[in-house]
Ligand SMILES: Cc1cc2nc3c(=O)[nH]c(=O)nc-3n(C[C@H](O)[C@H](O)[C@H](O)COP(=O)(O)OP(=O)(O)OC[C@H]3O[C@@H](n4cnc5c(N)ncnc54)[C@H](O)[C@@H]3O)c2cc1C
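Below you will find one chain, with nothing else, as structure tokens; this is the form predicted on its own, and questions on how it binds or moves follow later.
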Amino acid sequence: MNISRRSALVAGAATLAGCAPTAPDVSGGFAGASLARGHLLRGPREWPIPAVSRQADVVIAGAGIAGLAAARALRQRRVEDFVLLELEDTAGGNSRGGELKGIACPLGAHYLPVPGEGAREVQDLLEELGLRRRVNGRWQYDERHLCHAPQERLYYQGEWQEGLLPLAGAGASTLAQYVRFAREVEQARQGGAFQIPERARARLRAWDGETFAAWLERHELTDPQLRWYLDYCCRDDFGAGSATVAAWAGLHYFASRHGFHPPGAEGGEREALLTWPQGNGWLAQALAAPLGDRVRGGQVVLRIAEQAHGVEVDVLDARSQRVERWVAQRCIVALPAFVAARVVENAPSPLRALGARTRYAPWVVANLHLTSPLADAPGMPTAWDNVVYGSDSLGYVVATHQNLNPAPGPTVLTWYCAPGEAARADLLQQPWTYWRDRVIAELSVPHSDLRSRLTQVEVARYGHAMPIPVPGALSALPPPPDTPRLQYAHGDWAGYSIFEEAFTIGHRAGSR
């Protein structure tokens, strides 16, 4: 992808900023997922005989969104004798939230688009949580939870502009390609293949044989501004760029939701988003709250085995360092496919194949505590989502954006980066200061006062944050190999990672 000379200068300035001395008094460290616990499953290891045996009607292995949705569905069926076994200390998976100096902030996913009519299970959840209600025959969402304006802005050619599609200085050829891509998206939408949750997967296979970048080349959509934006969207949703993800995935970003609206098009507003200071951690906490001590954190699942009398689930308790066994009538395996394939004894071939074939995107989330809001470059004022053109990060969201208090005060910026599969080892080896310096270098370009206001940085790392929908993966995606005693529920079985898919898969597993 070509980048304009002006953008190259901006990128160069960011690199130089990284060479400047960083504030040594900025405290920080790693937060979020425990890589050490997850790595206990790497390689063969003999575990002690379980010291304790416990019983439950149902064991849910994994308390991410799919596992939490399965627990909610069990309770709707009046099944109360169950337990969720979670690797981390708290439930939520990639939707977990955190706190920095008393300010709530995301540790992962940070918004949920208002679901369409196909996402009935998610709509029911939002109604249950009081986020939507029917008024005079029409559904209305609680505006306190909808993303406040301004929603998005882009730092482009030395100033902030509204929206993330580059517009400043866009010539006739660029605008024409925006319009042509919009037509392609609308044509794809009309076919009905793009849905959330995806119920017409077979119809997407027409776009599964090539990368999104190759599809764009075939359609002569080569404008640098358009290609940068589309590449950003792929990295944002799938953790990998347009040269890696399948064409269906690149189109799905637009065709399954809001379409693509070129400048000046009628109905060009994007659909509303639900968001909270702690991101989707708000939803995870709401799902976990009624479960009480049935959610057991710090549990490393070592083995899941079907037996004649039920299912055995062996776990290592991270606090006591003791191996324990759960015996249940049924187990819902809400673990990533590559983990489930390791711990399920005599794993079925579809699970082994999915675990071996799925490629995962690493992810970094850095939360920055500031004493006060930052001074801005010219252009649009601070938005909820703020992106720097040409950067290989995904920009930052403002955790206090939903705050109705007009008085400025301390705030937290949540910075996202999908560094690519090749960076996974680097992700594990670099100290937290590497990420601190990297984010300071990038954000000091539009915010020259960043260093003077920054007090603390906490970095969350995800080695396998989400499955990457590469070409061919969708066509080879098997249905979960459920048995009377084992059901599988995780976003990996959808082929890509979004809240609606994980929640729906988990709900269906708990409803059987």
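Numbering starts at 1 and runs along the sequence shown. Computed from a predicted model, the values in this text were never measured in an experiment.
There is also a form predicted together with the ligand; it is not shown, and the following applies to it.
Per the 4.5 Å heavy atom criterion, the ligand in the predicted bound form is contacted by stretch 357-365, the sole one of 246-254, 357-365, 70-78, 114-122. Each of Leu41, Tyr416 and Ile498 comes within 4.5 Å of the ligand in the predicted bound form, counting any heavy atom. Mapping the unseen interface onto this chain, Ala334 counts among the residues with a heavy atom inside 4.5 Å of the ligand in the predicted bound form. Of the heavy atoms in Gly390, none are within 4.5 Å of the ligand in the predicted bound form. Though the partner is left out of this view, Gln225 does not reach within 4.5 Å of the ligand in the predicted bound form, counting heavy atoms only.
The ligand in the predicted bound form is not approached by Gly395, whose heavy atoms all lie more than 4.5 angstroms from it. Of the listed positions (Leu454, Leu474, Val59, Met466), a single one reaches within 4.5 angstroms of the ligand by any non-hydrogen atom in the predicted bound form, namely Met466. This chain appears without its partner; in the predicted bound form, the one residue of Leu204, Val439, Leu85, Val311 with a heavy atom within 4.5 Å of the ligand is Leu85. Interface residues of 280-317, taken as those with a heavy atom within 4.5 Å of the ligand in the predicted bound form (partner not displayed): Asn280, Gln299, Val300, Val301, in sequence order.
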